[in-house]
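In the structure tokens that follow, the same protein chain appears in two forms, which are kept apart as structure 1 and structure 2.
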Structure 1
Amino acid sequence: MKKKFLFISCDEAKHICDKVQYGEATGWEQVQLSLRLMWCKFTKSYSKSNSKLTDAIEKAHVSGLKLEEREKLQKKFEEDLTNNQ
């Protein structure tokens, strides 16, 4: 049995961690990540930070400006800029 079969690198674990958060990881990838999380403090830290970031983004409910609001703001900015010169 190859060592690579069960054990993955830190970079691979980070990639799988990202896939898990978006529901794109296979069952086997999740098993490999779980094994890595048991002993790698760096992967654990990355996974924990990634989860916190995802939670913060979901709770924020941030919405941007509408197109017409942006255009109005841009026009006002340009007017103020030309008036102050």
Structure 2
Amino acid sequence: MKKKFLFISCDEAKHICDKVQYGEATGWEQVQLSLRLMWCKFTKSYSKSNSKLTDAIEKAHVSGLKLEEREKLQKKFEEDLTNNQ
């Protein structure tokens, strides 16, 4: 029971790692992840590529349309489509 309390599975570690990228992992989850990272090469590798992806996205400053903006664009497009048929 105690072991389960401290040690998490690889899948759980990956899940926490994902949450860490969005700042949504709790302090305790981060402790559990750190422990796993000390000895699991799969978690370590996943964590490394996950952080690399986050860094790339931050560096690129990628933007996208907000839901309401996309809806507005879709509406305008449909009007144009109808007018051009």
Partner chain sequence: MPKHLINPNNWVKQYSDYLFNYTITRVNDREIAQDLISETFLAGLKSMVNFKGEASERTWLISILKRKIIDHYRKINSNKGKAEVRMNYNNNEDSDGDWLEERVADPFDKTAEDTLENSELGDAIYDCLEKLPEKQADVFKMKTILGYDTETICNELDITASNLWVIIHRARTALADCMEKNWF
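Rigid core (definition): largest C-alpha set, two forms, superposition within 1.5 Å. Numbers given to residues start at 1 and step along the sequence of structure 1. Model, not experiment: these values are computed from the prediction.
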Q | Displayed copy of the chain that is the form predicted in complex with the partner chain | A | 2
(Q) Is residue 24 displaced by at least 2 Å at its C-alpha between the two structures when the rigid core is overlaid? (A) no
Q) With the two forms matched on the core, what distance in Å separates the two CA positions of residue 70 between the two structures? A) 10.4
Q. Relative to the superposed core, what is the Cα shift for residue 61 between the two structures, in Å?
A. 2.3
